[in-house]
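First, one chain by itself: the form predicted on its own, in structure tokens.
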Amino acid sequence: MARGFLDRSHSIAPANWSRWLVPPAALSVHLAIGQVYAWSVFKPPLEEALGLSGTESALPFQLGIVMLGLSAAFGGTLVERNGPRWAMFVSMTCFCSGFLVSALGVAASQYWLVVLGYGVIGGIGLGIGYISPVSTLIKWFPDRPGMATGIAIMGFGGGALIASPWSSQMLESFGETTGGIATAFLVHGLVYLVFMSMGVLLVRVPADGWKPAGWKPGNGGTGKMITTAHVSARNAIRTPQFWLLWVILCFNVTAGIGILEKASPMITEFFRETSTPVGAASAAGFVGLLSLTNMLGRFVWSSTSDIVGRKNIYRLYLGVGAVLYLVIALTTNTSKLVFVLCAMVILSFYGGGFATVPAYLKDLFGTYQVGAIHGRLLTAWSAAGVLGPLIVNAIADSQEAAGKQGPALYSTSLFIMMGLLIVGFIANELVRPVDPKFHEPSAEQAVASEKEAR
């Protein structure tokens, strides 16, 4: 009976179903799994309670991001086949179970269970949950795919804005001992279970052939870049367009995450020797501001792409982003306002890149298996999650060892990020419509082929 409820055929929307109920269903999942960006709240208490190093306490988060990319890549086809309700249920089960296993691990002082629970089991929930609503939203909003996916993916970027103060308050109430941390994990698992179940119950898929009133395929700001054909996930990875988008996403994310991961120490060290140094509270406020622009950029820029086109919006992300990195590198610490504004816009492009790429994929490959294609493309995120922090941290460490300080710790990294964005810009310019040889046969072609076979 449960399998029947989760089956795709049992989630087809009735004729009078409002498509505007689907974004809240997607948000219920993305706001929950976006908690991963608030993992740093648990790092100091875990280090103190279990005697961990900073590297050890980061392991669940790092493994969770790796598993996000891998589970999205390998589970994308299953998500397409079984439908969004099944995918959201799997995500809910894995993500919430990960917290419960982690609670047991902390209570028993067995950190390997936290790594297994949050990193591996919860990480699978992250990946499946991240891609679960994408193709469904695109099918409900073929007229505004950028806006639709932007709403959901905005939730992932904003999840930490809810989870961070909530988690901090729980640790303050329960205590930062093993018992208090375990209780906080337990509450997370149970509350998110209830919250994510709303998405499982609410999500629907449109009936075959459904279209918004008055909409015709091909409408939109990208003109000839929008296809009315379809490409399978298997064929998509054989096209140059897929790998060009892989490079575009990887380098755009690398440039953004390089600032995001190091934001607090970066602004502190940039202005340490100036007449207006940045204190710990101001640095924390800067991090919060970047998180806000990251979240808003996912909705604002992806919605704008429905008007100006996907290729043009990535010209903005990559071209203007490179210029902003150059401005930071050249002005160094002469203006705090310039530094903060440039970082905010770069982070809005970082978030916008995530939210716009599903619509870009839809334009190029159609809606047939866009969720599975998106899952495979997210391996670019896994690569960028390693590449961005590695570039910034390794260069800063080497510069510090050489006796340098302030902006000099980051100047080389800034120019590298600028170079990566320029490469991404060139890759975007090379994107063309997919060769028809990769298209799935239309119904008419299939009938004709069958007649020829006879």
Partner chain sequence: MSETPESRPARRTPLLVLVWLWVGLPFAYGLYELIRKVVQLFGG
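Positions refer to the first chain, counted from 1. Just so we're clear, the structure is a prediction, and the values are computed from it rather than from any experiment.
Another form, the form predicted in complex with its partner chain, is not on view; read the next lines as being about it.
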Residues Gln241, Leu387 and Pro433 all lining its partner chain in the model of the complex, heavy atom within 4.5 Å = no
Does any heavy atom of Val320 come within 4.5 Å of a heavy atom of its partner chain in the model of the complex?
-> no
Leu337, heavy atom within 4.5 angstroms of its partner chain in the model of the complex = no
Look up in the model of the complex whether Ser109 has a non-hydrogen atom within 4.5 angstroms of its partner chain, and give yes or no.
-> no
Its partner chain contact in the model of the complex: Leu289, any heavy atom under 4.5 Å = yes
158 to 166, 322 to 330, 116 to 124, 91 to 99: which one contacts its partner chain in the model of the complex at 4.5 Å, heavy atom to heavy atom?
-> 158 to 166
In the model of the complex, which of the listed residues (Pro265, Pro277, Gly175, Gly285) lies with a heavy atom within 4.5 Å of its partner chain?
-> Gly285
Contacts with its partner chain in the model of the complex - residues in 22 to 53 whose heavy atoms fall within 4.5 Å = Pro23, Pro24, Leu27, Ser28, Leu31
